[in-house]
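One chain follows as structure tokens, the form predicted alone.
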């Protein structure tokens, strides 16, 4: 059985991001042109853009489920570095499969997440998502945020982002200090090992789940 905690984390990421509708922070720069460029390249603003888009496109109660899932996958295509995520959650096993198989796995992973979590947006009920500071560490940028719930303590979330072709993409998320990428990698590794190190068994399980 494929039990995907990254699915939970990814859905939570987007759902949380969708909740946040606060205004972008002022840049404080004197040039409007420079300020606009800075806003486009800020990692925090990328997170806000994802939240805004998710709110606009996924919370419509009238959407058919399959349409919502397609929009969910489209969001992941835009904001996540799925090739990086896919290699990471496959652990050392990504080296044993072809580029075509990695691409296939990436598509399956996206659709598996969409199948299980896209419909959560129908139940969205006004929680708030607050983006905090950015911290640069080596080649990655970490964006602090909080998911503020009306009926419980806030949840601390850190988005790990990396620049690809002048655009920030999400490569991992930590919820209350727990990396969802590492958690998912451990679980997928377990599935593969239980099937004699056959990545195809994991792929087959995802196909069965998604119907692809």
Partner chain sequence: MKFRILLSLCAAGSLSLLTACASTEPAQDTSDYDPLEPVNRVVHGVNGAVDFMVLYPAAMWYRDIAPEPVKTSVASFVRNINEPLNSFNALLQGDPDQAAASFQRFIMNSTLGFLGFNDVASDFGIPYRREDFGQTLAHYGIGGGPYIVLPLLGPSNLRDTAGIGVDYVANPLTWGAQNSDTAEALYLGSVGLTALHYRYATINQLNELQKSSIDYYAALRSLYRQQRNQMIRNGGPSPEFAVEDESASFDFDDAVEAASQ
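Think of the rigid core as the biggest set of C-alphas that the two forms share within 1.5 Å after superposition. Source: prediction; values computed, not measured. Numbering follows the first chain given and starts at 1.
This protein has a second form, the form predicted in complex with the partner chain, left out of what is shown; the following refers to that one.
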**Asked** Since exactly one of 59, 183, 53, 45 fits, which has a heavy atom within 4.5 Å of the partner chain in the model of the complex?
**Response** 183
**Message:** Each of 78, 104 and 108 within 4.5 Å of the partner chain in the model of the complex, by any heavy atom, yes or no?
**Reply:** no
**Prompt:** Quick one: does residue 171 come within 4.5 Å of the partner chain in the model of the complex, counting heavy atoms only?
**Reply:** yes
**Request:** Verify the contact flag for residue 87: yes if a non-hydrogen atom of it lies within 4.5 Å of a non-hydrogen atom of the partner chain in the model of the complex, no if not.
**Result:** yes
**Contact label in the model of the complex: residue 176 to the partner chain, heavy atom within 4.5 Å** = yes
**Request:** Report whether the minimum heavy atom distance between residue 122 and the partner chain in the model of the complex is within 4.5 Å.
**Result:** no
**Request:** May I ask you to list the residues of 192 to 212 that have any heavy atom within 4.5 angstroms of the partner chain in the model of the complex, in sequence order?
**Result:** 194, 202, 205, 206, 209
**Asked** So with the core overlaid, does the Cα of residue 65 end up 2 Å or more away between the shown form and the other one?
**Response** yes
